[in-house]
Ligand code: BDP
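To begin, one chain is listed below as structure tokens, in the form predicted alone.
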Amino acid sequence: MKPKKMFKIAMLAFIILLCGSINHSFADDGYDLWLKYNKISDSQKLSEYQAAISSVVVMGDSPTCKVIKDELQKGLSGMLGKDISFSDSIEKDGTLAIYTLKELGDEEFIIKNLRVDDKDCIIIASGKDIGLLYGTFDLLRMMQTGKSLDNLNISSKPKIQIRVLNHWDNRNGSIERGYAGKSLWKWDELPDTVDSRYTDYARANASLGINGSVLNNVNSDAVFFTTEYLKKIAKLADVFRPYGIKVYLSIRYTLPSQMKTENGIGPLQTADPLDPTVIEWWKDKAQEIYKYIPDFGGFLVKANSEGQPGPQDYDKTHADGANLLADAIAPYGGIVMYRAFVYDPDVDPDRAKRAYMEFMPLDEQFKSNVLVQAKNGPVDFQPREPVQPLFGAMVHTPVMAELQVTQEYLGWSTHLVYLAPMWKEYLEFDTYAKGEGSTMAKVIDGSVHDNKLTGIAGVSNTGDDRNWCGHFFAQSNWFAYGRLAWDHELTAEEIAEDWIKMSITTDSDAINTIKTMMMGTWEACINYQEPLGLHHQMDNSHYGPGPQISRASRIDWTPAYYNKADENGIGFDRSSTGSDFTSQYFSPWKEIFDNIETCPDKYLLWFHHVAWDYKMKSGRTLWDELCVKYYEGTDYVEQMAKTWESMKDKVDPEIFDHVTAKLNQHVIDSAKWRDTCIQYFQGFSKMPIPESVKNN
């Protein structure tokens, strides 16, 4: 062969090899989340969309309208495979017209097919620009998920007003309960250098209807309230504003005794909420905050909890503490989100009762711009808890739900656990606060008690990892939280399907396979960690199993405190013969939970100490049932790994390899949970693992 020809062949081989390498290196790294806007692969659907939208009219020139234009340019050109023209008037069929309509609410939008000036159009209308942005994202999502653009007659508005992400981020860049790298906020660079990732974060949240961001840890640092940091925070607020996102700050209650205001007030000798000098200090600080951030959302407060200072340090109530702050920011339209995650510095006989005991007597004492923010369950974001009894019980004070998007107790960003089924179980729980139909969802959206102010919070799982969430599938939980915060009537299945289509694939077989896999992950996690109502069985890292741990600085931080395993049985007696936690619920739950025979299996060991040989509804003994559940959990994870392996040729190779590595560790971890717990509890039960379970 001639040298020249050999050179050409070698170069061709090199190019092919290089291209193969480039394709894999620049595969989907997860950065674009659910906003990929890949070209529509279905030719019939592509033709339909190209005919439906050939030009765009955005009537307005605000910063938000510019965002709308940019998003449509990116989304439509990407999905349709061609440039989209923008004009100032409706000139032809196939025009997408976007404009404000004062009859609609600020965030409410409509999407309709209409004849305008004898032209076939799709219109998006809202009372304000931010509603137009939400409508724009909704239309783009419809196209990403293959929905028809014929006969459109959509009307949508959020069921909950305040929809925030809580970032437990610290000044040094670390994140408490963060499993996806360091904080997004680069405080050392702000305000002079503004990372483009802030805009991408805002886009992602706006696409879901999230309208607020609490920037710092609930275990707050005073530095965030200095003038230097308020200027940094103001720069973030400038980036977020066109996307409808307000910034909020977590406060440390003793700020007045730690620092001066801009006008030189402080440090004071006290932070007593009824002291006139403290009242003046907070008014002065509020004035300074709003000078830099005119649309500042307000404060999140963790007080008298886990060592944090609060009004009780001065013999004042939580209402006194909240109202001090509420009065300071009320003139500017700010709100206070006051967390109900409290328990005594001294050990409570049953800390699950504490929030109800402390906040119920204060129900009529909070100012109108205060929300009590309660975790979904009464202890601490466990894989499964019964609903926090405060929901529905507080009549005059709005109670907002705090959900944890980051998986503190559910395998961090290593285990694949889709959380929408969990949140739906809570949201659909009927509190019976005003009789049947008083679901938790209707409590937090204000329907049950006619609350005028409503809210929901999600503890964020974002970090500076390239894919934002550490585990690619953890993106689905950010997505699901935002979708449910906007509309809690959506099902976990339809949210999962949308996310898969927007993030992974539009192949129908793959969609169904992955969706089915996702839907069982939460129950599997419960089974291999804490089945039948067990809870708080993790080690000190909150990751691995630790049922044997019985010593800590607080007894109620130990798994043994909650499992109460002994030779007679297992479980925490919260019935009327125990701690009487059951009395905090409305009937009929009070009676159902109180009776071991009627208590649902999934809550059994939460409410009762049960004998090892107790006969379950399945006909098995409690011990055998525990073993069955532990093995069902690990069996599911093992099968999930096999299911994912079958997706190798249907998903992006980088996503596939990333998830495969996570699942391999997930299989190992779930088996460790199962074996550690069974072995420990077997030391008390003295019963063998059923052969049918081991050999299955």
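From 1 onward, residues are counted along the sequence shown. On a predicted model such as this, the values are computed, not experimentally measured, just so you know.
What follows is about the form predicted in complex with this ligand, which we do not show.
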Query raised in the report: What is the one choice in Lys375, His318, His415, Arg384 with a heavy atom within 4.5 Å of this ligand in the model of the complex?
Result: Lys375
Query raised in the report: Within 4.5 Å of this ligand in the model of the complex, heavy atoms considered, which of Tyr409, Tyr481, Trp606, Trp185?
Result: Tyr409
Query raised in the report: Does every residue of His471, Glu645 and His666 put a non-hydrogen atom within 4.5 angstroms of this ligand in the model of the complex?
Result: no
Report task. Spot the stretch among 82-90, 116-124, 334-342, 148-156 with residues whose non-hydrogen atoms come within 4.5 Å of this ligand in the model of the complex. Result -> 334-342
**Report entry** 4.5 Å heavy atom contact, Tyr290 to this ligand in the model of the complex
**Finding:** no
Query raised in the report: Is there a heavy atom of Arg163 lying 4.5 Å or less from a heavy atom of this ligand in the model of the complex?
Result: no
Query raised in the report: Do Tyr614 and this ligand share at least one heavy atom pair within 4.5 Å in the model of the complex?
Result: no
Query raised in the report: Is Tyr229 one of the residues lying within 4.5 Å of this ligand in the model of the complex, judged by heavy atom distances?
Result: no
Query - Sequence-ordered list of residues in 152-178 near this ligand in the model of the complex, where near means a heavy atom within 4.5 Å - result: Trp168, Glu176, Arg177
